[in-house]
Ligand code: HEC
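Below you'll find only one chain, the form predicted alone, shown as structure tokens.
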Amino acid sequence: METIKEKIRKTITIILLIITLLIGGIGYIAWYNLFREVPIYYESPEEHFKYGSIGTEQNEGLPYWIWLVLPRLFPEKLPAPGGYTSLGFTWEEGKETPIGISKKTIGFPRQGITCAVCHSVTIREKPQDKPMIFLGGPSSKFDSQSYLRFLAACANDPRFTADYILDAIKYVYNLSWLDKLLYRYVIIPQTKKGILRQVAGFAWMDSRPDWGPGRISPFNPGKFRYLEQPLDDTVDNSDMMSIWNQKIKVESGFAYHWDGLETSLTETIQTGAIGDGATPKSIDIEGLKRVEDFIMELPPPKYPFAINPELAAIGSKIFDNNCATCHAFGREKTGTVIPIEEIATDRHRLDMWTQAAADSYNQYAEDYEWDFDYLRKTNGYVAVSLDGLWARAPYLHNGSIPTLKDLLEKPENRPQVFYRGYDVYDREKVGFVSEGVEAQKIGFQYDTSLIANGNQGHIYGTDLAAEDKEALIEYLKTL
């Protein structure tokens, strides 16, 4: 017969077991709905490049359903009608997200940024045409700064509440009763806090010239936010770069980024993911390896319009005599850093990157199986190869010259003000239409008198005769 003590002990044991099960059950429910990570996989390397995760969703990605409805809730905070397309995102027909946006479940569906958002270019021959999309090209219209400011404006709006957002979500997705509770009391409040933290981390950019579409501040965000370098007044506003033909560039020992601060393609891709919001814990090394494999074999697109072969043949000889030493594959200076004193282009991007920042980045991930070892400080800009040059306008490292025809003019004759971000192609000048009513209406005013926007330097070819310039440009279309 059980004693009273034994009954009490048994009762306590049962109570503790129930409490343990309750805590475990609640913990499991919380993990499942807030932290459970579901891998996503695209069989196609191309689809992975466009939509696959690189590890940015957890730290700075937004809950997908909130992200999706923000343009509908706050259209007045966008630069123009059209939702996210007004910020330069490109949406393929039938796709759930724009190119360069991933969707991954980490407890709940979240969106993230991928490499393709900056490295996909669209081109239209006429305003009414459907855009041609070329992967690996530098986006000429994605405005990452305006995107950040849009999110900030939404989070700062007093209407950014659970009632307002949940009411919009119900028209696009049927949340369960538990999801509604989580969104109301956890996910929406934390999303607002997260956006406002990000806003604070980017406050420094408001004291510098706007980036504009197709440009980005590539390393100051990392310097100030992740590397915790002292806040300075440097400006590194730079044009987005093309990433074609990486295999030949790796084999040739090319330096990476405009100033050659990296010599490893693998590390260049990984620092790009960190810059897009991945953390040392969340970064998807396997996913980034797939990106690297894809761009190793990715060729530049062919010029989609007619080319005069006879004129291009003449231009080929002019190129060999005037440009090949620095810009043809296999030549002595191609892919190497040209001293700033020689190239004489705007030096602000170069001065932004310091030896202290390089040293700090090389120590950034030392506790992980992957890490950084090859970041460095240089004294110039890379003599880049010109593959797919026709699709890489505007030109120079800061995108300060709208067309190839303008690039071959002496600095004093180059456009001082033009409009960028309009993806209709200028076949005559070889670049994008950068003046006129539509360019002015849709584009961003680029003023070369602003700090870091200078269009000086790179005077090579500016002394050529007009007919030689015409032939050279015709040849450059073929690269």
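Values in this document were obtained by computation on a predicted structure and should not be read as measured data. So that there is no doubt, residue numbering starts at 1 and follows the sequence shown.
This next part talks about the form predicted together with the ligand, which is not shown.
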Contact check in the predicted complex: His119, Cys323 and Ile343 versus the ligand, with a cutoff of 4.5 Å between any heavy atoms. Do all three pass? yes
Counting any non-hydrogen atom inside 4.5 Å, which residue from Ile165, Leu298, Ile101, Leu404 sits next to the ligand in the predicted complex? Leu404
Partner-contacting position among Cys154, Val235, Leu389, Ile187 - heavy atom within 4.5 Å of the ligand in the predicted complex: Leu389
Among 87-95, 360-368, 169-177, 375-383, which stretch sits within 4.5 Å of the ligand in the predicted complex, heavy atoms only? 375-383
Give a yes or no for Arg110: in the predicted complex, does one of its heavy atoms lie within 4.5 Å of a heavy atom belonging to the ligand? no
In the predicted complex, Leu135 touching the ligand (heavy atom, 4.5 Å): no
Wondering, does Tyr395 line up within 4.5 Å of the ligand in the predicted complex on heavy atoms? yes
Just checking whether Gly212 would be counted as a contact of the ligand in the predicted complex - the rule being heavy atoms within 4.5 angstroms. no
At 4.5 Å, heavy atom to heavy atom, what parts of 450-479 sit next to the ligand in the predicted complex? List them in sequence order, or say none. His458, Tyr460, Gly461, Leu472, Leu476
